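For reference, the chain that follows is the form predicted on its own, supplied as structure tokens.
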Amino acid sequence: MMKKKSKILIVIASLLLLLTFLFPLWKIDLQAPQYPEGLGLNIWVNQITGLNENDVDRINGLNHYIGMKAITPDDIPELQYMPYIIVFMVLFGLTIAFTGKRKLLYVWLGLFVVLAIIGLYDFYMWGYDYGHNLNPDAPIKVPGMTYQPPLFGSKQLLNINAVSLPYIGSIVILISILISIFTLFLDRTKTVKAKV
């Protein structure tokens, strides 16, 4: 069984995940000469918004010229079910804190890792689909050119530099994971000392 301090830390780690509804998970910043004020996307757990007002419409306008399909949040199923995954992880974490079962904490951390891998893969494939499956009738065609934004870091796409990085929501998830790992270590250390 977990100690009281460990249970409190797991409650904190669980409730922290609710902040992902308040802050974007990822940010894609598009730097282009024709948009000196900046242009970009915030990817949330349940929506996609522009960094500035009308950015999604502007990006869809640019994408039309190169044959990319429009970014329509309602057509992205992940945005529909990701909130349920977050709520499940919060409730699962609170269950661990309530029961004090250390084995469930291992399962919770394992789920975090699996979900993170699946999430990053899905995000990569989303970018791949948008950047490679281009309309052959697009006004601008550059032979051999694809427009997939980077998963991490920056990439030059014609005259636009795309910078893609984790944002506050992802940092919150990482902090939750680190608190959980620390809790596991702390609880195991106390258990070993108690046996000695």
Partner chain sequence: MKNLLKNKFVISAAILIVAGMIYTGCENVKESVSGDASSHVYVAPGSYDEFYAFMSGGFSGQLAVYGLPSGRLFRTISVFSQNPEKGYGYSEETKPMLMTSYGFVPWDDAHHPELSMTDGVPDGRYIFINGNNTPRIAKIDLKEFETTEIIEIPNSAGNHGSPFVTENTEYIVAATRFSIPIPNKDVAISSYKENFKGTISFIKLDKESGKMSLAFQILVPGFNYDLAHAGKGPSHGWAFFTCYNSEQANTLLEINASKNDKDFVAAVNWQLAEKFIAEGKYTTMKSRYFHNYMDESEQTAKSEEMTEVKVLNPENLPGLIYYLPTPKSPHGVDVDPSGEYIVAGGKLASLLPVHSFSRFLKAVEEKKFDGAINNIPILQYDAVIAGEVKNPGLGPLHTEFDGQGYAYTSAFISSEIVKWKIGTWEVVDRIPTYYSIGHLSIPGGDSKKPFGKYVIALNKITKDRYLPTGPELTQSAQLIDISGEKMKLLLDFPTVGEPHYAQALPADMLVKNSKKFYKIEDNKNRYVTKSEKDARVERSGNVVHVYLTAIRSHFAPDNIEGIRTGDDVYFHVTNLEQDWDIPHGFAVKGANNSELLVMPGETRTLHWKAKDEGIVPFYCTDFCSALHQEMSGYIRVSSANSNVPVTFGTGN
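Note that the structure is a prediction, hence the values are computed from the model and not measured. Numbering follows the first chain given and starts at 1.
The following text describes the form predicted together with its partner chain, which does not appear among the structures shown.
Residue heavy atoms within 4.5 Å of its partner chain in the model of the complex occur in exactly one stretch of 149-157, 124-132, 22-30, 60-68, and that stretch is 60-68.
Taking non-hydrogen atoms only, residue 161 never approaches its partner chain to within 4.5 angstroms in the model of the complex.
Using a 4.5 angstroms threshold between heavy atoms, residue 35 counts as touching its partner chain in the model of the complex. None of the heavy atoms of residue 47 is located within 4.5 Å of its partner chain in the model of the complex.
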